[in-house]
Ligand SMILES: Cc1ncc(COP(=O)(O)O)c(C=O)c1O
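Only one chain comes next, encoded as structure tokens, the form predicted alone.
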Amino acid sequence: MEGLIYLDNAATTYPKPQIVYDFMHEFYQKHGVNPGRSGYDMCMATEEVIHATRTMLTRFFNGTDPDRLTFSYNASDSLNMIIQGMLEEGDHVITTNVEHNSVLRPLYHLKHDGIIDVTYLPFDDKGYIDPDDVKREIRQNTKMVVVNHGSNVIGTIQPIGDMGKICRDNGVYFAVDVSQTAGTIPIDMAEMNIDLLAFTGHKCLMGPTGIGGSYVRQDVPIKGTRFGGTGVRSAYPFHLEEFPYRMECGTLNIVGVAGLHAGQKWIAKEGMKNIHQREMKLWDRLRRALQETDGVTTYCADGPEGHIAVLSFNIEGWDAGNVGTMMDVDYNIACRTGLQCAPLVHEQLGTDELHGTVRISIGPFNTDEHIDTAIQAVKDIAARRRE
């Protein structure tokens, strides 16, 4: 839409870099065939791009084996495979109140069916999980800890490295959802002791929707939960145990993989640190202005350290949804309102009774002018409540 100020990048980054659009279009025109199924040149060229993308992302997360970097629809898809593939009857899981429904719902279903027990850790008043709380809640039957690296509601980055060390020292598997951080915050699976990682392509990795994946560390005993075609050993009646087939079946979203491929190149060219610093400079400008505005409440936003460029707020006297509508209709600003698929965050903050929050999430193509317009919009709406 012409003139739209897009501030909903935590939902999906928009626009994408031009290189992503161009490469996806060119790739699908020249190589839009099924990879790994035949030996003709076009098929092999398609497989080369897929393997190259596995390799690029494996290096990006500091994994060791590109075959263990597998593709899926999105992070929710991968988290379902991780949770259902790892947990068995009698297992105990530790997770947190900052989780997205992509973690909460699979765990809830298993708990509801009497298969597992779950402990939910609260965050402190600044929005962070205390790693010592993880340590205190580990039981003899604790199988896994599942943690959101960066909150899609309050933007806090959790101390993953400290949690990972506790898990490794106690023989507990550590799974991390990096949906909001992959592409803007460095993630080192070895240094952070991450056993299982789930990512999505359409956020900071700058790919399209419909593509995501996971990385599973060697010797992690994950079971496959999907079965079907692989293009190899077709006479064998069971789905293959070796990676990447254990976590993949059927035809891959090759256009999505191509988008991730181009996105990786764009991130490398721009510099992940530079991208994050630009976004956080705009975030801090927005934060300061909103916190100086009478009637506006921000959540867990003391400063840019330990944050991604996500800011949630409410305006006294206004429903969050109504604020979002006014920002859209009156100012042509796209942002997110409601519970943002993370209900436990809002229950702990008390914002569930306010129908959630207004969330502004900044991306690499936002500008000072965009933020100035958003600030003025919030100030205007906050002033209206006194009329």
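Quantities reported herein were computed from a predicted structural model and do not represent experimental measurements. Just count from 1 along the sequence shown to find any residue number.
Beyond the structure shown, there is the form predicted in complex with this ligand, which is absent from this document and is the topic of what follows.
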query	finding
Partner-proximal stretch of 245-253, 213-221, 199-207, 132-140 relative to this ligand in the predicted complex, 4.5 angstroms, heavy atom	199-207
Candidate from 150, 183, 164, 127 lying within 4.5 Å of this ligand in the predicted complex - any heavy atom	150
Position in contact with this ligand when the complex is considered in the predicted complex, options 261, 278, 100, 287, heavy atoms within 4.5 Å	100
Contact test in the predicted complex: residue 76 vs this ligand, heavy atoms, 4.5 Å	yes
Interface membership of residue 312, this ligand in the predicted complex, 4.5 Å heavy atom rule	no
Partner contact for residue 374 in the predicted complex: this ligand, 4.5 angstroms, heavy atom	no
4.5 Å heavy atom contact, residue 10 and this ligand in the predicted complex	yes
Residues of stretch 177-196 in contact with this ligand in the predicted complex (4.5 Å, non-hydrogen atom)	177, 179, 180
